[in-house]
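We begin with a single chain expressed as structure tokens, specifically the form predicted alone.
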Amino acid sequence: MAHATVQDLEIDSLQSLAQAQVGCDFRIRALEGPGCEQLRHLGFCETLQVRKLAGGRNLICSVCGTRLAVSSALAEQVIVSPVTP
């Protein structure tokens, strides 16, 4: 029986910010898509921690103590993984 490595488990837990659960903390793993350069200018970058505050057509998240509204289409381009306590 094969044992899952930490890296395997981390890859399995990746999801888009749009799919992520509201009220949870996530770490940004990748920005993939046409709007990502704009996100980087706003402070989104790999390894940054983000909390999803509200979902819907436009979602609200907290990054570095600042609330930011992001369209669900743009949030699909932000790949995150859960932050473990």
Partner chain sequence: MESALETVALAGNPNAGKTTLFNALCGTAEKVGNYSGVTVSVKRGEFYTPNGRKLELIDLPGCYSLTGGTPDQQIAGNVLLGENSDHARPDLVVCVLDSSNLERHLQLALEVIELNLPVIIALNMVDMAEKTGLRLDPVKLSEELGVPVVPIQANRGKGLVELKQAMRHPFPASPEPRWESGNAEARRRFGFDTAELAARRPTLHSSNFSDKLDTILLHPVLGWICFIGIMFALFWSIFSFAGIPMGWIESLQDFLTGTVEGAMAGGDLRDLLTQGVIGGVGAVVIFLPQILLLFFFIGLLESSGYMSRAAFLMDGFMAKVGLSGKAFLPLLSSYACAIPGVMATRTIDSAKERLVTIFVAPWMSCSARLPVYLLLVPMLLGGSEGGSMQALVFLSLYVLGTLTAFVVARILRGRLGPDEVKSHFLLELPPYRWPQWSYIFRHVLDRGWAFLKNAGTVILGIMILLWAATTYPKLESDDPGEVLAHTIVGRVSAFIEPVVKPLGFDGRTGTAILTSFAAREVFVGSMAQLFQIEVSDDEQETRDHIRDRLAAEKWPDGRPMFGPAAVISLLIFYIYALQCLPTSAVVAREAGSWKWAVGQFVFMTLFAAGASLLVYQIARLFNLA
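What you are looking at is a predicted structure, and each value in this text was computed from that prediction instead of being measured. Positions refer to the first chain, counted from 1.
Below: the form predicted in complex with its partner chain, not depicted.
- In the predicted complex, its partner chain lies farther than 4.5 Å from every heavy atom of E32.
- Residue contact with its partner chain in the predicted complex: S13 places no heavy atom within 4.5 Å of it.
- Within 4.5 Å of any heavy atom of its partner chain in the predicted complex lies no heavy atom of A18.
- In the predicted complex, its partner chain stays beyond 4.5 Å of every heavy atom belonging to V22.
- Residues of 57-82 lying near its partner chain in the predicted complex, listed in sequence order, are R57, N58, I60, S62, V63, C64, G65, T66, R67, L68, A69, V70, S71, A73, L74, Q77, the criterion being any heavy atom within 4.5 Å.
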